[in-house]
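Only one chain is shown below, in structure tokens, and it's the form predicted alone.
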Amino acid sequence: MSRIRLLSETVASQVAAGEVVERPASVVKELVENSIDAGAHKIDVLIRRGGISFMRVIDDGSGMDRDDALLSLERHATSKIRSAADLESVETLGFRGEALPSIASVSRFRLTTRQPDAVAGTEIVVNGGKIDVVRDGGEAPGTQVEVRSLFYNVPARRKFLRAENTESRNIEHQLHLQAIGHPQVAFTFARDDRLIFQLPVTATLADRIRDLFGSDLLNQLLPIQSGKSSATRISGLIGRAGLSRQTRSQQLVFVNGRAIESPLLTGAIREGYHTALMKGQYPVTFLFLEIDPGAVDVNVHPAKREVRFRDPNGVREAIVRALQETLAGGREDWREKFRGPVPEPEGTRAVVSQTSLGGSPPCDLPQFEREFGLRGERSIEARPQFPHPSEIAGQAQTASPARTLPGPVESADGAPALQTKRPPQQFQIIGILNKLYVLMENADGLVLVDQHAAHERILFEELRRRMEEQGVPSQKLLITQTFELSPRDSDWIEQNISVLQKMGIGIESFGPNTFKIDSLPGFLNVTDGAQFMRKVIDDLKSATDRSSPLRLGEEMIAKTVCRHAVKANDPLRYLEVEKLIQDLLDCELPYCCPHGRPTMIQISNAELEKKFGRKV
């Protein structure tokens, strides 16, 4: 007796539906994508009880005639592709012809559709995959789909649905994704007959983000700069360094208009934000990739959430480059806020005394360099100390030393030397709060600078530059250590031995898949060389070809500068503070420390006026 049987069409449809229809949000996603593919300019979505009892999607797209409407409920009937070759260059959101028959097989389903020039439309009613009614309909041009009692005939699946509020939030999230990916389409979403949002057609992505998330978030986003490569065009908006979330809920990536989830792209985004994010935090991104459809395979996941790239490294490099250039460009926005002197009424500002308060900050860069074995000469000028803010008010009113230099300087022969004026200051230092926060005024309002975080960033970039130029000093091991790796990791090490050696790791091949280490970076305290190398491999695999070859060194620098940077309660002299701010503004990423914490916080004049009730 045969043990293998052919499943009935009904059971086969329900099995297939399990891959496409996971929950109500999956239904809404598939129906909205069909509406967008049909050229809809307006899509209305209504749900009840989290979509479990009722979902309706209405669009004003091209609609279908009766034959096409009936054929659309047959499995693998689609207008998007004609042959296997078309799968290699899919340009639409849907293409398999599985969504409608899958949804209809696990619900009470109603479809009405009419083409714009047709006198009458078509209405089809399906219950559990069986067509019950086919008749003329009088709906408006476009397509309307109603889905009732989802999984009524598959109770095992229905049991796994979450609470109604959870399912509603999942649907709302899917609509957010579609609305962000297609700002040229208007969306309306109602839940239990209550309007949740109504989004008009917008001309730009920024307008759609403002409609969804408000102006406060939009003002903290940067437009992608230089996001072009030979095969990938990148656009969109990303959060400034320091703007982060505890989840990936606002880390959105779209490939050819399709919202996707990809470990490759997640790793690229993390790499692009290297040292600009706190550990455990995630950036805010609205990233759009436009790639030749032939270079991306979207037919790798039943719900089309994942894609596969023909050139994954090229895509990764393009994303990292675009993010790094955009964040570096954001530095100019910061500088713009400090450009030009702050207007100051004559004779109203007290001079900041250059009298010492005693004690000097422990920013001992030579000692720091000795830890890394870097002996490069660095000129450290003598710096008068910055007084306590309480001493400022009692000083005579005169020109600020931040604005002018002292009197004429004599040359060696006694003649007055030519005095080079400093460039106009881009800020005005007011004082120090709690011996930690530098208070400054610029044209936009009040600025607070964390002196410790600022000094960390300055030392980090200086030491990273020196290590890249001079390499990392290594320390010979008393006993050479050997270890084995998997073939894949062994191949990676052999291709990157020169990079590892530049990092101060003395490593060479010692047989098949075996390596030996005879030296390690001098600033490390490592007891298990094999375990250390496995961690290095994991860390550096996530880096890109463009990232610093001294990634391990960067991590150690970030930890060490924290010990050597100016601390809270360290009194600073005036010129030290001024030099600190100038050096910070000259950094590649001045607005965050190497650990991702902000170095500066701007409080605008408008915000201050609102706090004091001067503005509503």
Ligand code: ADP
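Owing to the predicted nature of the structure, the values given are computational and were not obtained by experimental measurement. Numbers follow the displayed sequence, beginning with 1.
This next part talks about the form predicted in complex with the named molecule, which is not shown.
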item: The unique member of 99, 126, 505, 224 whose heavy atoms fall within 4.5 Å of the named molecule in the predicted complex; value: 99
item: The named molecule: the contacting residue among 94, 181, 242, 529 in the predicted complex [heavy atom, 4.5 Å]; value: 94
item: Interface membership of residue 38, the named molecule in the predicted complex, 4.5 Å heavy atom rule; value: yes
item: Exercise: residue 256 in contact with the named molecule in the predicted complex, heavy atom 4.5 Å; value: no
item: Any non-hydrogen atom of residue 201 within 4.5 angstroms of the named molecule in the predicted complex; value: no
item: Interface membership of residue 77, the named molecule in the predicted complex, 4.5 Å heavy atom rule; value: yes
item: Which of 572-580, 44-52, 587-595, 58-66 sits within 4.5 Å of the named molecule in the predicted complex, heavy atom basis; value: 58-66
